[in-house]
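Next up is one chain by itself, shown in structure tokens, the form predicted on its own.
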């Protein structure tokens, strides 16, 4: 049984923002997270559920020469199937293909995945690799935040209860090779235990630029800037990528401390980083 709640269906984003100013109001789109919270009775008494699922102004995909602009109501399946995403942000397309089940991919939205802010959310490492920016809107105005500074803690972000995520902007990465690695306990319908998204730009056999983002490895998703800087200027190779993996694992421990899972995660994360960089280098060279 779901806990008691009130329901409203605003006609547009402006009305939705007014409704979200009410104490206890919660937006709903696909409902793949909020319905679980209602069933577990985790929300305040009689919350107001504000249905956004029909708002066309939050459901769009546009592109410029250097950017992809995504509406938060795009579903995982729409992103996975989109030729623009497959070409301009292949890591995101690959991540969306791995989310949950077909039913969840058809209902769950990019905006919900971002705002829910699970450390194991599949889409977040690719968004960081692409230097994503999130546009937030309230009844009082609009602001933009970098994805790299948006996530404060597990399930906590910089968005306020009166704000909506209205646009996700991604930088296109021209000439890069990409690699995506995900560890789960079973082949399907599993929550990731570790995620690595990597991108390499090569020049004359050397790494001109490296980007590495990790999920489920620390309290929040993070870019491994230490390893990225260390890789710059080096030749691609198994030993170089192995060392980069060790640097990323060390940064994971700096961020999360030594926990019961660290002896397992430390070498596994290093291996996933090496595999992602191997993939990226093969594509960049190809």
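Positions refer to the first chain, counted from 1. No experiment lies behind these values; they were computed from the predicted model shown.
There is another form of this protein, the form predicted in complex with a small molecule, and it is not shown here; the text below is about that form.
The closest heavy atom approach of residue 31 to the small molecule in the predicted bound form falls within 4.5 Å. Residue contact check for residue 72: one or more of its heavy atoms lie within 4.5 Å of the small molecule in the predicted bound form. Although the partner is absent from this view, residue 100 contacts the small molecule in the predicted bound form, with a non-hydrogen atom inside 4.5 angstroms. The closest non-hydrogen atom of residue 201 lies beyond 4.5 Å of the small molecule in the predicted bound form. Contact with the small molecule in the predicted bound form, defined as a heavy atom within 4.5 Å, is made by all three of 36, 182 and 191. Partner contact region in the predicted bound form: 109 to 117, out of 171 to 179, 207 to 215, 109 to 117, 140 to 148, criterion any non-hydrogen atom within 4.5 Å of the small molecule.
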